[in-house]
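Let's start with one chain on its own, the form predicted on its own, as C-alpha cells.
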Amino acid sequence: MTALYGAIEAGGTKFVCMVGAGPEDVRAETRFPTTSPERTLRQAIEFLRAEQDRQGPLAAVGIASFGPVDLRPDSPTYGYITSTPKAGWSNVSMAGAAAAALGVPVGFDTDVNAAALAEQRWGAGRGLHSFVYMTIGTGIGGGGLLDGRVLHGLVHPEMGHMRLPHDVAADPFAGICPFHGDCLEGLASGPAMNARWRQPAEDLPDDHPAWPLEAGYLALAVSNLVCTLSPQRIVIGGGVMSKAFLFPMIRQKVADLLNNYVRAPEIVDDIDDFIVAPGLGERAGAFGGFALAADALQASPPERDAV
C-alpha cells in the first residue's frame, strides 16, 4: 500500500498544504494567507484531517517552515519558529503542534533546506551530493546538502543574512533587515527592491537600473557560497527570479568576481548549468514537505505488535 504524506510549506506570506505520495502523486492541495499562528495552523491541520477522512490515514507529515527555527532535537523548543521578523510568529511551536493534533511522525526543517532536499531527489539536484538552493522573494534564504546530508550545524544556514560589500555611493539605500540593515536580504529581497525603487520588483521594466544592481548583490552571495561550500550546483528560485534575464547577468558577474580562481570546469566552461533555476519551480518547498515526511517515517521507531 502506498504511504500517504502530509506536506506543509509554511511561508511568511502564504501556507501551501498538500496530501499525496510524492510530487507525481498529489491527491489534494490548498493554499491560504499567513495570518495569525493560531488561525493559520488551525487551517493547515483542518485540511490534513479532512483529507485523512477522504484519502485514508497519513503516515507522516513534513513541515518546511520560514525561520529562524530550532532544529536541535534535544532542545525544549525543538520545532519552534524562533526570532523571526514576521510579526506575531516568534516562539511558535510548529512540529509539536502538528504531532499533537495528527498523532503521526513529523519532519521539520527550514523551507529552503526542504526545497533543497526536494530538488536533490526530484529536481535540479538529482545525482548530486553537494549543492545549494536559494530563494529570492519576500525574504532571502538558502539551504543545501553537503556529502548528501542536509546542512545543519549550530542552528541552520542563514544565507540570506550574509554581509556583502555595500558601496553606499553607488547604492545609498540603507537596507530593510530589522536585524542587520544592509545584509543580503536587507538589500536584495523583494521588499527591499520595493522600498528602494518605490514599486514592486515585478513592475520594474527590464531595462531598469534595479536589475544590474540586484544581479550584482546576488552574484556576490553566490561567489561567497562557491568559495565557502564548494557546491556542485547552485539553484536559485523565488519570485524575484521570475525575471529570467537575471540568470545570465548573475552568471557573468560570478565569473568576473571569481576571476578564474576556482578552476572547476563546471564554472569555467559550463556556468549555465552551474547556476540554474529550480527543476520543481515554485513547488519545491511544498514537495520538500513530502521528503521530510518520508524521512521522519523512516526514522521513527517501528510499532510493536500488541501482546
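A residue's number is simply how far along the shown sequence it sits, counting from 1. As the structure is a computational prediction, the values presented were derived from the model and not from experiment.
The form predicted in complex with another copy of the chain exists for this protein as well; it is not shown, and the discussion that follows is about that form.
Proximity of Met159 to another copy of the chain in the predicted complex falls within the 4.5 Å heavy atom cutoff. A residue is said to contact a partner when one of its heavy atoms sits within 4.5 Å of a partner heavy atom; Pro231 meets this definition for another copy of the chain in the predicted complex. Another copy of the chain is not drawn, but in the predicted complex it has a heavy atom within 4.5 Å of Glu266. Taking the partner from the other structure, another copy of the chain in the predicted complex has no heavy atom within 4.5 Å of any heavy atom of Ile45. This chain is displayed without another copy of the chain, yet in the predicted complex the stretch 178-186 from 115-123, 207-215, 178-186, 101-109 comes within 4.5 Å of it by heavy atoms. Here is the short version: of Val276, Leu258, Leu246, Ala59, the single residue with a heavy atom within 4.5 Å of another copy of the chain in the predicted complex is Leu258.
Of the listed positions (Gly127, Pro76, Pro165, Pro172), a single one reaches within 4.5 angstroms of another copy of the chain by any non-hydrogen atom in the predicted complex, namely Pro165. At a distance of at most 4.5 angstroms from another copy of the chain in the predicted complex, all three residues Arg72, Asp147 and Gly153 contribute at least one non-hydrogen atom.
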